[in-house]
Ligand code: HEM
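The chain that follows stands alone, in the form predicted alone, written as structure tokens.
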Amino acid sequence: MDAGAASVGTEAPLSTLLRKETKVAHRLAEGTRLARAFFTGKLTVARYAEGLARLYPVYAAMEDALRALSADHPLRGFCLPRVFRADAMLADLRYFGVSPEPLRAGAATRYLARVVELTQPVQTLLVAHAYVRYMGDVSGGILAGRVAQRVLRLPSREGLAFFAFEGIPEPDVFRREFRALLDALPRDRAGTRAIVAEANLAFDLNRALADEVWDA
């Protein structure tokens, strides 16, 4: 074992480092004009669907890659179909009559390009993007889902599959299990720092995409 790997045991768990060291980027991503418009009931269905369309290819690329991992890949444990969102997003887009293709040049394209880069082949850094999306989806996403029909003024729950997590009846349990997977991930000190840096980048990419949708 090299010195870097040996030293990782003296650090806080990866899940703790991710939570603490992405706090600023996380707060900025949650505070976009798009997010504020959603929770104040000022977001139009058209703009919501546009944001969903731009995010869909990111989820699809990540989830296709995770599903295809071999049994001995370090990220195999993160193949968690019960939290995957691409199929739900596609169903919502069909309801809204919006196509996820083609992507425009800009923030959405940059976000997708970074995720695709980490899937060919799958690199450990991809876990940072899974952390940012899925932990957020199971936390803020479930909260948002409780008010989505009202704030978007939809006649029913149709179009809101993104917020439905039938396979996760206990979100707290899922989050604990996800953190345990993170903490068990083989890595050295440099790898840990790289994952934290990638998570900050993922939050920045999400914020840029949200700003792009709002300004469109």
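Just count from 1 along the sequence shown to find any residue number. Only a predicted model underlies this, so the values are computations on that prediction, with no experimental measurement involved.
Only in words, not in the display: the form predicted in complex with protoporphyrin IX containing FE (HEM), which the text now covers.
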{"property": "Position in contact with protoporphyrin IX containing FE (HEM) when the complex is considered in the model of the complex, options 29, 181, 43, 66, heavy atoms within 4.5 Å", "result": "29"}
{"property": "In the model of the complex, segment of 130 to 138, 87 to 95, 115 to 123, 73 to 81 with a heavy atom within 4.5 Å of protoporphyrin IX containing FE (HEM)", "result": "130 to 138"}
{"property": "Touches protoporphyrin IX containing FE (HEM) in the model of the complex: residue 19 (any heavy atom, 4.5 Å)", "result": "yes"}
{"property": "Non-hydrogen atom contact residue 35 with protoporphyrin IX containing FE (HEM) in the model of the complex at 4.5 angstroms", "result": "yes"}
{"property": "Those residues of 143 to 174 which, in the model of the complex, come within 4.5 Å of protoporphyrin IX containing FE (HEM) by heavy atom", "result": "143"}
